[in-house]
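Take a look at this one chain, the form predicted on its own, written out in structure tokens.
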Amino acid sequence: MIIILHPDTDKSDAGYRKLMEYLAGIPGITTRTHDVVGAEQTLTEVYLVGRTATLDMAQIQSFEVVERVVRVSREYRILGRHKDDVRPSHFDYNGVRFGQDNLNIFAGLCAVDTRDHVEQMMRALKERGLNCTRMGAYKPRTSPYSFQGHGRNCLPYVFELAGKYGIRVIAMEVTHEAHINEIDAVLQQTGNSTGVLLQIGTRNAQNFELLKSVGRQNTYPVLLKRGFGITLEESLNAAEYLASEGNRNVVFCLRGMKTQYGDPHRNMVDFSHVPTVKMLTRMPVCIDPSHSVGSRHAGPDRILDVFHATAQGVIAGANMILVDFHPDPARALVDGPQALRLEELDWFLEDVRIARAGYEQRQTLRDRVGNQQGI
């Protein structure tokens, strides 16, 4: 059960203390309090854990500090969208809104290789009015002999250039708690010139100690990629690990499933799950067409498969796109064969605009038909 308090409830207020004393007196029930700090107000939610089925919702609702009470109908207690729970879902970070009702594009380098390539990428984004990117500093690889990223060494110029070109948020994978400390230190050295969206890669979707450590910090939001060989439910529980430790600013990323049935693509594209994740949880949903498709193949229509996969996710309501671009894919140190070229950026953005317009038209149609039929 979740108790949602009135905005900006003061924990020193007598009404709050009265509620918590009442809850403390219920046998077999423990409480966990989560604060959501926004730009204009703070929202407090109290989670009741234990045998809550027999609790009197009306009694709890009667406390003056309580706005409403929601029964948990799914095991994703914090991130789940529970029965009668229609609250708008979004969070703001460093001037960028992440919600289930908008769309952000994170185009950039799968792995940082040179300062010049980073600058070319960020300049191209600024010229097109984009303020988010992806820049991989730490790269877990299947082979121990493959390039695994420049790590801390590239962070100073990546963050410096982000500030120069107005990049507000960088999606950057981390594989160890120490990486968060390195990002912290270099961001401070560069005057906090940008923001970082910590990415948990598909290989670490069930690295529970990493999930816990990333969840315990509240400085950075988190992008969690679905595990490539586990069920959707298992991946959503991985997101719940983050939230249960305190960080509920989580974006869930669909990136394809590893199976032979996906051939000739790198993975089986799973973007049909965009509305499913939004129905089950309050997380914004990201798609990663580059790692789903894994190539620059195109059919007879001469539209790249990466574009088609992107459109499938966007027209289904995706809220974020994580896509590989590179100024010179032939020289890329990671995943060059799947990277789009800078000269294709305008084409990609216009294709996304068309797909997003299609999704919005579908919403308009739903509203018109729903009103007519009373649905």
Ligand code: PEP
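All residue numbers are counted from 1 along the displayed sequence. The structure presented is a predicted model; accordingly, all values stated were derived computationally and were not measured.
If you look for the form predicted in complex with phosphoenolpyruvate (PEP), you will not find it shown, but the lines that follow are about it.
- Stretch-level contact check against phosphoenolpyruvate (PEP) in the model of the complex with heavy atoms at 4.5 Å: of 132-140, 257-265, 293-301, 158-166, the positive one is 132-140.
- For A318, no non-hydrogen atom is located within 4.5 Å of phosphoenolpyruvate (PEP) in the model of the complex, even though that partner is not displayed.
- Using a 4.5 Å cutoff between non-hydrogen atoms, D113 does not count as a contact of phosphoenolpyruvate (PEP) in the model of the complex.
- Contact between D305 and phosphoenolpyruvate (PEP) in the model of the complex is not found at the 4.5 Å heavy atom cutoff.
- Interface membership of E240, defined by any non-hydrogen atom within 4.5 Å of phosphoenolpyruvate (PEP) in the model of the complex, is ruled out.
- Of the residues given (N247, T281, Q199, N104), Q199 alone sits with a heavy atom within 4.5 Å of phosphoenolpyruvate (PEP) in the model of the complex.
- Checked against phosphoenolpyruvate (PEP) in the model of the complex, the candidates H179, H273, K225, R81 yield a single residue with a heavy atom inside 4.5 Å, and that residue is K225.
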